[in-house]
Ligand SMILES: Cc1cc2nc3c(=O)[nH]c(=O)nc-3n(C[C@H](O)[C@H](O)[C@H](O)COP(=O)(O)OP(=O)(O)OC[C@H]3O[C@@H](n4cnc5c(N)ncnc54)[C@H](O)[C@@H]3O)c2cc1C
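For reference, the chain that follows is the form predicted alone, supplied as structure tokens.
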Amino acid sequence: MLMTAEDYRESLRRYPPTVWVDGERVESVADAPSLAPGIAAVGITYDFARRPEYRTLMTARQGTSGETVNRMLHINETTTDLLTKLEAVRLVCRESGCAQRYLAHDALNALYQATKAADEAHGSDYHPRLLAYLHRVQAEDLTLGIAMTDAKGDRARRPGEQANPDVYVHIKERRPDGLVIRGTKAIVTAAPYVHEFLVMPCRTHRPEDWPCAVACAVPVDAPGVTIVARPAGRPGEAAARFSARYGQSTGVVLFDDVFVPHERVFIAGETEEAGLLTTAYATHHRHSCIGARAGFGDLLIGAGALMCEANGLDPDRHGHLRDAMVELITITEGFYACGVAASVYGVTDPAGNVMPEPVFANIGKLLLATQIYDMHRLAHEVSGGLIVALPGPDEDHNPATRASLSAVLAGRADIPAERRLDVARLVEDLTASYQGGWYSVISLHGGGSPEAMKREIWRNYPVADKAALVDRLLDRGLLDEGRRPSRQPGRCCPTGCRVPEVPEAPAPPGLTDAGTGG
């Protein structure tokens, strides 16, 4: 059953998780003002799936069950599914800034691949367990939090070398009926207001680190789970024109000897398949991040255009504004085009689902990660300094100052001052506030640091094929004729080359050996 946003909010009341925000225990997640913007943002993914005009984007038929499910929980079966998911993520993120729920899609698809590979390699039954879990999650239309990034401790040391083993989530005990896990996941999106966590490894592991190679599903209110989170967005702040309504909480999740029954365990020590899970998730998630930040780009483009208009300036007549707007459009649609290419050239996995082409997915994510700061700069350029120089919104209701401010802070005569101030505060909220900084950092490091993307691009790009192409064009591919030169430095032809001798210069006219003595 597809829930509405209100159904989702109400469903959270069935779970009593242990949640701390700003040092205070949250008694009811559904009613906490500090978390309301995050719940509202996730709610977009529910309501849009129920709207007829978005049904094709926001829902899909699950091939393994035949049921119609939310796109955020669907297993990709075709390249069209990839493209539709990308468009769906852009849609919900242009409305909410970051709808968060698409992480579940990425994790479920990666688990689908890894569990199938584990079963074929080890004769386990992880994949049937995952299918049963998947179908329940889809039927109940749940929101899943992805508990992936470990606290890690000393980054120069591997998991088994840490002074405190709890900086990585690990298998503490194997029981006949399941596992006991312990440790810390440090950056969990939407942690307080999900129904369940998918616990996954955040890196590849060597055989000796097998206890950290664990993937399983844990209810948000399971005994031993504690969530320490920050508020979602900027709740209650009058100046937060956007993030007071939509935002995202992230949390540190502590697993203190949490029992996980076998039916919820999907990887338990298989380091090779755990590595596949990590890299597959990274590719799926970076593809989704492209859609998410394209949605954010839509917000900046729209706000920049309105700001130009409210300031009384026309990009058609003011070239510097047009150039800045075109650059902002180029950045947004440039990395989004990589997402489209990654979709169109999607690769069918041996498990049967389809994943984005990894080079295009990683290039797109790398572009958005490094260009997010340019996007903010361009929004500032077209908007002007007013976005951070405005008096606070309380002055809008101050009888002693309101009339004067409205008169002098107006731009175009046909656009009320209140409208101009509203747009200016929106740009500030998105780019120059705490929330703006959050968008920058989450774009840079979400889904892996730029270094992680660079490694994946280098690992997957066919550099050798390009070298062979140039080799052939230089007429060096002639092994069958025995004329292929050595690659030894200094040998550019079959016989090698000698350094030319410097010829002796002729003596100047009038000088002889005898005459040089003077």
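Numbers for residues come from their place in the sequence shown, where the first is 1. Model, not experiment: these values are computed from the prediction.
Keep in mind that the form predicted in complex with the named molecule is missing from the display, and what follows is about it.
Chemist: Just checking whether residue 254 would be counted as a contact of the named molecule in the predicted bound form - the rule being heavy atoms within 4.5 angstroms.
Modeler: Close contact is absent here: in the predicted bound form, residue 254 is far from the named molecule, nothing within 4.5 Å, heavy atoms only.
Chemist: Within a 4.5 Å heavy atom cut-off, is residue 210 in contact with the named molecule in the predicted bound form?
Modeler: Looking in the predicted bound form, residue contacts with the named molecule do not include residue 210, since no heavy atom lies within 4.5 Å.
Chemist: Residue 245 near the named molecule in the predicted bound form, any heavy atom under 4.5 Å?
Modeler: No.
Chemist: Taking the shortest heavy atom distance, is residue 451 within 4.5 Å of the named molecule in the predicted bound form?
Modeler: It does: once the named molecule is placed as it appears in the predicted bound form, residue 451 has a heavy atom within 4.5 Å of it.
Chemist: Choose from 145-153, 312-320, 84-92, 331-339 the stretch whose residues reach within 4.5 Å of the named molecule in the predicted bound form, heavy atoms counted.
Modeler: This holds for exactly one stretch, 145-153.
Chemist: Establish, in the predicted bound form, whether 188, 438 and 446 all lie within 4.5 Å of the named molecule, using non-hydrogen atoms for the distance.
Modeler: Result yes, every residue of the spot touches the named molecule.
Chemist: Which of these residues, 215, 103, 169, 114, gets a heavy atom within 4.5 Å of the named molecule in the predicted bound form?
Modeler: Selected residue: 103.
Chemist: Given that the named molecule is left out here, which of 375, 268, 225, 442 has a heavy atom within 4.5 Å of it in the predicted bound form?
Modeler: Here the answer is residue option 442.
Chemist: Across 322-345, which residues bring a heavy atom to within 4.5 Å of the named molecule in the predicted bound form?
Modeler: The stretch 322-345, when checked against the named molecule in the predicted bound form, contributes no residue at the 4.5 Å heavy-atom cut-off.
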